[in-house]
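Quick setup: one chain, the form predicted on its own, written in structure tokens, and binding and motion questions come after.
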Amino acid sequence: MARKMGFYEDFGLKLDLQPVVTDQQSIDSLLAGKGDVIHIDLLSALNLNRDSTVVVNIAQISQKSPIWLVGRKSRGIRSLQDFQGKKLGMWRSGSNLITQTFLKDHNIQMEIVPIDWSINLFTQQVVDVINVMQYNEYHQLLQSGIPEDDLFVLSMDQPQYNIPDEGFYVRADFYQQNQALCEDFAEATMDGWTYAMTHPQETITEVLRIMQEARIRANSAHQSWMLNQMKDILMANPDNFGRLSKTDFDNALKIMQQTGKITRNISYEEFYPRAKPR
């Protein structure tokens, strides 16, 4: 919506969208210099910086964890303890470290079945529990015909596991050379989100148009659900809208260090240079 409404142009920016299927494609594009800004989750971005500062955060979209673990009550999943010994369908992305840490801390042993953003193994009863995003796959479960009152839902928005998800990232050297441009991009993008949240029908129409042009399957009901849920996720901390808090950064770094993904210390200001005054 920022592009459609000319918010980028107001800052003298021209934006070209590069549709990709996976986070890794976004990362590969950025590191190869084929893209300037990417949209990935916080833990994946930290993982890129495990040896040195490769990317920096210029805008934090989500302000709380959207990760839910879901099982069916009719299949015996009515509490966390019922997860013990069951099969868990879990994404291959960096955010799965949150789930792994949570299960380890609660002494829950599960058989992990890797999945790629699909609910099929759950609806076909191959796995007992599945990772879903509050704004996406949970609604897909409802659209598949599963009654909501048959779903046991466990949210990861508990303090030490409440790691916000997607943000915008650029290469560290790009930020150093284009600081004002990056901050203008961030401001225009968050203006776009504000417009989207206050003009839902116009936004859904535009998103459906873009998805149809890209030949991506879409439906209006699901996009409406996603936008409504994203309001909750973006506005979880209104005073921090579009910004990465030090608490969220510290919690994310702690999980990366606990799981052995990162051994060095990374400072908040190093990862999020917008925290420092110009």
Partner chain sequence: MQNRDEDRTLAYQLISFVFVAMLLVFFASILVTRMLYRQIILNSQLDNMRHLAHERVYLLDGIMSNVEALAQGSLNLYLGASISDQDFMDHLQHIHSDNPSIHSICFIDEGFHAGQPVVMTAQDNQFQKVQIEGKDYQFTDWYQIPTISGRAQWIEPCFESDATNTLMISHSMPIFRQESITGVLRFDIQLSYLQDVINRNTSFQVGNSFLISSTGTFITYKDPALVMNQTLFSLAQEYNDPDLSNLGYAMVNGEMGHLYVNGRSSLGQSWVYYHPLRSNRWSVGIAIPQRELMASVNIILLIQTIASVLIFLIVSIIIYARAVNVSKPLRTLARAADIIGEGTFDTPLPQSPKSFEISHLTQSFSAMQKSLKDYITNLKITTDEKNKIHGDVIYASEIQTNLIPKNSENPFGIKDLRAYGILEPAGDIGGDLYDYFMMDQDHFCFVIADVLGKGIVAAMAMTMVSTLLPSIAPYHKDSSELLKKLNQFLCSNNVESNFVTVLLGILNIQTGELQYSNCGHMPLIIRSIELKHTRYPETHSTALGVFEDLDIGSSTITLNRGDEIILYTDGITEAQNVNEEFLGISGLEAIIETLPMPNPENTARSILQAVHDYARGSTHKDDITLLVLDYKHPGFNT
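Everything quoted here is computed from the prediction, not taken from an experiment. Residue numbers count along the first chain shown, from 1.
Just so you know, the form predicted in complex with its partner chain exists too; it's not on screen, but the next bit is about it.
A heavy atom within 4.5 Å of its partner chain in the predicted bound form is found for exactly one of I108, V153, V126, M197: V126. Residue in contact with its partner chain in the predicted bound form (any heavy atom within 4.5 Å), chosen from S29, N237, S220, N228: S220.
Remark: R92 counts among the residues lining its partner chain in the predicted bound form, judged by a heavy atom distance of 4.5 Å or less.
Using a 4.5 Å cutoff between non-hydrogen atoms, D173 does not count as a contact of its partner chain in the predicted bound form.
Shown alone here, Q179 lies farther than 4.5 Å from its partner chain in the predicted bound form, counting heavy atoms only. Within 4.5 Å of any heavy atom of its partner chain in the predicted bound form lies no heavy atom of K34. In short, of 155-163, 78-86, 199-207, 138-146 it is 138-146 that has heavy atoms within 4.5 Å of its partner chain in the predicted bound form. Every residue in the set V113, D116 and L121 has a non-hydrogen atom no more than 4.5 Å from its partner chain in the predicted bound form.
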